[in-house]
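Below you will find one chain, with nothing else, as structure tokens; this is the form predicted on its own, and questions on how it binds or moves follow later.
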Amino acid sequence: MYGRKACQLVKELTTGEKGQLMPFNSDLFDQVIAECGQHYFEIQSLTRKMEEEGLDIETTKNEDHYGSLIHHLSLVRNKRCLMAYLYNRAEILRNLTWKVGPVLPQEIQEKLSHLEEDYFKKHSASLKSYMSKLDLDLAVDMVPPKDPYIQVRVLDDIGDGIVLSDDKTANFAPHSMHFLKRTDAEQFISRGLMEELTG
């Protein structure tokens, strides 16, 4: 049945949690691409057959015309499914830029295709370039916090000599606690390397 594989590809988008990426299904994606190629070949073959029989392709309504129409509609449907699959994954990646910053955690990177990795890097670089031209960090909270400083605990070894926004360096050893600017801490909190201490 035409379009079944493309439909499975789109259904994958709904099987996972909203906003979470499933591993890129390159096998099924390639099968849909191959099916598109087969539809295109069939359209060309049926059109050529009608031309060889001396029939007017625009006005003739025979079995070859309807066969090529079915292949054309199947090809268009497959292309729409492929585009929906890629667009939705790209939208999740764009949202991740705001949540985790320009560096994706390893468990997310493993779920991406090479083209998606490249897309994420270019999108992050464009966003960073735009923010540097504005001299404004758009990734911070939309609602101004009550206090620009927060107390944090380091959850994982971040290292020493980390340069902060005020050109000071810090040593973020595991389980150490620090009083940092919110803007400095947010990049580490979003990546799960720090937690904010409240109360």
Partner chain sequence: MANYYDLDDIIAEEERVSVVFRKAVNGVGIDASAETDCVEIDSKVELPFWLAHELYLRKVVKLKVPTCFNQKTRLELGADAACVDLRSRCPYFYEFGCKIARLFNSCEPETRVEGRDLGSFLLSAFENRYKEVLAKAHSAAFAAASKCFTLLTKEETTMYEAAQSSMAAFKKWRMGGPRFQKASILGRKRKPTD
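None of the values given here were measured: they were computed from a predicted structure. Think of the rigid core as the biggest set of C-alphas that the two forms share within 1.5 Å after superposition. Numbering follows the first chain given and starts at 1.
FYI, the form predicted together with the partner chain isn't displayed, but the following is about it.
The partner chain is not drawn, but in the predicted bound form it has a heavy atom within 4.5 Å of N88. The partner chain in the predicted bound form comes within 4.5 Å of no heavy atom belonging to R153.
Though the partner is left out of this view, Y66 does reach within 4.5 Å of the partner chain in the predicted bound form, counting heavy atoms only.
Mapping the unseen interface onto this chain, A125 falls outside it, with no heavy atom inside 4.5 Å of the partner chain in the predicted bound form. Listed residues D157, D147, E52, D56 were compared with the partner chain in the predicted bound form; D147 is the one with a heavy atom within 4.5 Å. The single contact residue among K111, R94, K79, K121, judged by any heavy atom lying within 4.5 Å of the partner chain in the predicted bound form, is K79. You can rule out all but one of 44-52, 23-31, 130-138, 165-173: in the predicted bound form, only 44-52 has residues with a heavy atom within 4.5 Å of the partner chain. Using a 4.5 Å cut-off to the partner chain in the predicted bound form, each of C7, V10 and L73 places a heavy atom inside that distance. For R191, the Cα coordinates differ by under 2 angstroms between this form and the one not shown after the core has been superposed.
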